[in-house]
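Have a look below at one chain only, the form predicted on its own, in structure tokens format.
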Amino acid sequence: MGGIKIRVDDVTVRYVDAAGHAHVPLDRVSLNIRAGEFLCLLGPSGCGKTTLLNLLAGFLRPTSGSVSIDGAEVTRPDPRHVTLFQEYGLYPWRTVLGNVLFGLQAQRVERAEGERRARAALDLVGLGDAARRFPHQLSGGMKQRVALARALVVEPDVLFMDEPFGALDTFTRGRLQDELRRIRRDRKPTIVFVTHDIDEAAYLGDRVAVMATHPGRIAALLDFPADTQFSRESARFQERRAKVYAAVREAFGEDEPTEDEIEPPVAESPLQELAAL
């Protein structure tokens, strides 16, 4: 893992709504993210994790403080940095291949080279045989894999992911988490991943930033070894999950979020076996 890639320095976001009420989605947040790191932003609704991601991606400017990537202040979105949302954002009139090609066409990549790269990206997410299908012919999980291929094909320097698997069923979500770990291992991009799922954060993250509410802030920052070899059934995963859950409990104390706000760990997970089917 390399040096510091992203710096968040004493960032606050403050605004007043139409009724004159002041809101502070983020309050004096500081954070360094290393090159090649997989950082999970974990917390309940309203803790500012998506606001922080939007600051990093350049969609939002802080009220005070600064965000920089590679030493340059972030003032707007950068084509080298791709954001993947929960909504797939696929063009229904384009085939799967056409959707993945879109970003390369915008970069004016030569057609043959673009198609080669797009097909390689589809193979990477296991959709090489679906290139000629249209989005309406795909399941939700397949659509999200197309969106992931479209993000990866432009070879982004940084990948921002805002609860990309949140709308998927448990089994599809587990398979895509496994796929993302494999892609991360092979490509080594810097990834910032927003989630409210404790298991997901423990399974994916090299570091987990536990965020608290009122105002939004980082309550705990957990460091784990950069390791994609453990399974969900391993003692190593159980230890990671327990540490994340303990940090969440400590951060919220008497005001611990409900199950609707943040998903607690489960005792057993059959996803590894199901993902192989």
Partner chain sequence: MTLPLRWGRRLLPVSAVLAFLGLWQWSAGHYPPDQLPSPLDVAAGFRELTESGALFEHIRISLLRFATAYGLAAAVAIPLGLLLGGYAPAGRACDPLLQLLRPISPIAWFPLAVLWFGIGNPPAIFIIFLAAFFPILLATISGVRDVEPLHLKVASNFGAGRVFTFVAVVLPAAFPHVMVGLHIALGTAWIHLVAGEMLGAQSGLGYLIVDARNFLRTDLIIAGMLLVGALGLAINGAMRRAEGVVRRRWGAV
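None of these values were measured; they are calculated from a predicted model. Residue numbers count along the first chain shown, from 1.
Just so it is clear, the following notes concern the form predicted together with its partner chain, a form of the same protein that is not shown.
This chain is displayed alone, yet in the predicted complex one of Thr170, Gln107, Ser139, Thr75 has a heavy atom within 4.5 Å of its partner chain; that residue is Gln107. In summary, among the residues His81, Arg119, Arg181, Arg207, the only one with a non-hydrogen atom within 4.5 Å of its partner chain in the predicted complex is His81. Partner proximity in the predicted complex, defined as non-hydrogen atoms within 4.5 angstroms of its partner chain, places exactly one of 82-90, 172-180, 119-127, 188-196 at the interface: 82-90. When contacts are judged by a 4.5 Å heavy atom cut-off, Gly114 does not count as touching its partner chain in the predicted complex. Using a 4.5 angstroms threshold between heavy atoms, Arg133 stays clear of its partner chain in the predicted complex. Arg145 falls outside the set of residues with a heavy atom inside 4.5 Å of its partner chain in the predicted complex. The shortest heavy atom separation between Asn54 and its partner chain in the predicted complex is within 4.5 Å.
Scanning 152-181 for heavy atoms within 4.5 Å of its partner chain in the predicted complex gives just one residue, Val154.
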